[in-house]
Every structure is written in structure tokens, then in C-alpha cells.
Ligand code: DGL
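The chain below stands alone and is given as C-alpha cells, in the form predicted on its own.
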């Protein structure tokens, strides 16, 4: 029984190419307050969106190997590019539950659309993978999906330029063709993008529903933990380290960024050599 209880209280592993996955971690903290989290941000090798499938697969595998050393009970791939390129293989390689951010976002978009026209903004890799198209078309062939790669959004977010004229100008250039295509729902298909949600929403207009996969992924994680009997039933006791953060580079910058979006103060982010895994 003790072993089972300890397993219930094991942390959730969350990883991303950099800081974007913190939007997913933030939702898990909010929706599952009893759960502990081990977060890894691959800050040395961000962004993933311009890299090949083989490279993203290699990086994702290394990170999963590291998270397994932290005795996690489930893993959230809090990166659309890694979800698109690596999730299917990772599911067969680990013996704990692992979920990505694509399916929850696609599902929410299908529920939200009224005119059957859904836009997806994401990295080049996610758009080129066609993963949102495949998932949505498999469930509803009548839906039209319009994808748009927005590669500059990730570095703008990483630099903290969320409310900046530069971001505004680039967003207008990227989003013009989506406005013209008459979509009524837009998936923020990269975990960095919720940081500039207000900018995107203002440009797209009130008639377009924005879908935040970070929120939907936390909901799916909650359901999955309940279904598998893995949920932590009690808030960890005083003195327990609820949230631990690891990065592959630039810990100070990561820490400043994390403290600007999380309501929980981050005392430290530890740099590890991810290539060892």
C-alpha cells in the first residue's frame, strides 16, 4: 500500500524546447494543485520548430530518459513540434502514460467551430507535419483547416516581447491571410503562443475563438490520471518540493521568465547536461 501511495505522489514530468511549456505547467498547477511537477526546458537547443524530425526525436528521447530518472508517473510533451514528431514513438518506448498537446487542442477546436473553418498557427515543423490536419480530418472530414507557420513568434516570446510594436507588426503580417480565409476558430499551435494571446486575439477579432492547447492538455491529463488511478489525492505536506525545474542552458534567464508568468516563485532552475541521457 505504501508503494502505491508513493507512486500516486510521484511527480508529473513536463518538457518543452524552452519556456513555452511553462504555459502548460501553469495550467497543471492551477487545475491539479495536488500534483508535483518536474519541468525540463531545452533552452540550449530551442527552437525545435526549424529542426528535422530525426533531431527532434533524438532530443525528445534524451529528455524522456532524464525525466524517467526523476521517477515521474506520467509525462506531458508540452511542445507541439515534439508532439507532432516524437509522441507516437515515445508512447511505445516508455511504460508510463505520456500525452502531447496536439490532440486536446484539436478536439477543443472541433467542438468550438461553427462554420467548419479552423486555423492553426504553429512552428514550421508542426505545420509541415500536418498533424492537426490528420487528427481533425480523421474525426470530421467536412472541416477545413488552414495552417500558417509563424516562426518568429517563439524567439519574440523567449525575449519577453509580448506586448511590443515589433510583435504586433509581425503578427499582422502572419495573420492577414487567416483573417481573409473566414475561419471562426484558431488553434494556438505552439505552447509559446498563449503569451501573445491578447495580440493575436485583437488582430483576429472577437468573431474568432482562440483555442489554447495548454488549458485543454491539463484537462486531459486530469482525466487520464483519474482514469488510471494515478491522481495524487492529497496536497503534499509542508516542506515538500512541489515544483522542480531543469534546463539545458541559461538558468538565470529561464528563472526570470518563469517568475514572470507563474504565480509560484521559482527558487532555482538547475542546468543539466542533457546529452548524457
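Keep in mind that what you see is a predicted model, and the values were worked out from it rather than measured. Positions refer to the first chain, counted from 1.
There is another form of this protein, the form predicted in complex with the ligand, and it is not shown here; the text below is about that form.
In the model of the complex, no heavy atom of residue 106 sits within 4.5 Å of the ligand. Using a 4.5 Å cutoff between non-hydrogen atoms, residue 211 does not count as a contact of the ligand in the model of the complex.
Interface residue remark: residue 190 is counted as part of the site for the ligand in the model of the complex, having a heavy atom within 4.5 Å. Looking at residue 118, you'd find every heavy atom of it more than 4.5 angstroms from the ligand in the model of the complex. Residues within 4.5 angstroms of the ligand in the model of the complex, judged by any non-hydrogen atom, belong to 77 to 85 and to none of the other stretches in 110 to 118, 196 to 204, 136 to 144, 77 to 85. For the options 154, 98, 186, 72, the one in contact with the ligand in the model of the complex, meaning a heavy atom within 4.5 Å, is 154. Shown here without the ligand, the chain has 123, 126 in 102 to 128 lying with a heavy atom within 4.5 Å of that partner in the model of the complex.
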